[in-house]
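Coming up is one lone chain in structure tokens, specifically the form predicted on its own.
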């Protein structure tokens, strides 16, 4: 939902008070993102409840949710870079836009995640005989980060960004193994094939992908952090950050599920690395 377009299209149907809110928003949407409800009400010369009614009329849950959608609707932007970035943006402007867009998308991803599915994924990972992390392109970086996180957990962990190696590894999977696949679009054909092969060999497949995709249909468990980013047109940015955050969530759940003795072992691993670093200066 593009809030700016919706306000523009419905402007003539608004009441007098609602038009005042709309005019302030359309005049400077980037400013409104940082404004409190009291500040916006003051600028529009209306009451705060009127602002809330305006937000709900636009099918948002209230002012905070409205600002989230507004941040995602700032501009169509420049293809292959970031949809919020304009061709003539200064360094300050595109830096601010990318941070705001990422923060807004992370909040949307947080709200969209099913914690029951996260709990199931953690259950499966903590009982796995072997864990494989696969991704391609930008998602390969996320899969590699997952390997780095889980490697220290004293569980056999595999990472490949080569399709042939992913296929061979999946063929060698068996019951008790877990294969985790990262794909924002969920339409990458080689990964869908890898998921199918892994399931045929009795591995449990976890997909970090959109829920309504070919990849999701091949997975036992789907974790779907909603991010409004079309990576067919734009460089993967917020979607990659959401995936990395989900890796941290799974690693944290794994650590907590294993108990205090396991965390003591992790501390020993951390302590063993101290000699590789220079002492911190006060």
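Positions refer to the first chain, counted from 1. These numbers come from a predicted model, not from an experiment. In this text, the rigid core denotes the largest set of C-alpha atoms whose superposition between the two forms falls within 1.5 Å.
Beyond the structure shown, there is the form predicted together with the DNA, which is absent from this document and is the topic of what follows.
**Student:** With the DNA left out of view, which of 237, 68, 46, 247 would have a heavy atom within 4.5 Å of it in the predicted bound form?
**Tutor:** Exactly one residue meets the criterion: 46.
**Student:** Please pick, from 241, 30, 37, 58, the one residue with any non-hydrogen atom lying within 4.5 angstroms of the DNA in the predicted bound form.
**Tutor:** The option sitting close enough to the partner is 37.
**Student:** Based on heavy atom distances of at most 4.5 Å to the DNA in the predicted bound form, which listed stretch, 22-30, 38-46, 248-256, 220-228, is the contact stretch?
**Tutor:** In short, 38-46.
**Student:** Any chance residue 15 has a heavy atom within 4.5 Å of the DNA in the predicted bound form?
**Tutor:** Although the DNA is absent here, residue 15 would touch it in the predicted bound form, with heavy atoms inside 4.5 Å.
**Student:** Sequence order please: the residues of 200-226 with a heavy atom within 4.5 Å of the DNA in the predicted bound form.
**Tutor:** Going through 200-226 in order - heavy atoms within 4.5 Å of the DNA in the predicted bound form - there are no hits.
**Student:** Taking the rigid core as the superposition reference, indicate whether the CA of residue 60 shifts 2 angstroms or more between this form and the one not shown.
**Tutor:** Passes the 2 Å threshold, so yes.
**Student:** If we fit on the core, is the Cα of residue 220 displaced 2 Å or more between this form and the one not shown?
**Tutor:** Moves: no, less than 2 Å.
**Student:** Given a core-based superposition, decide whether the C-alpha of residue 35 shifts by 2 Å or more between this form and the one not shown.
**Tutor:** Yes, the C-alpha moves 2 Å or more.
**Student:** Given a CA distance change of at least 3 Å, are residue 19 and residue 97 closer or farther in the predicted bound form?
**Tutor:** It is closer: the C-alpha separation of residue 19 and residue 97 falls by at least 3 Å in the predicted bound form.
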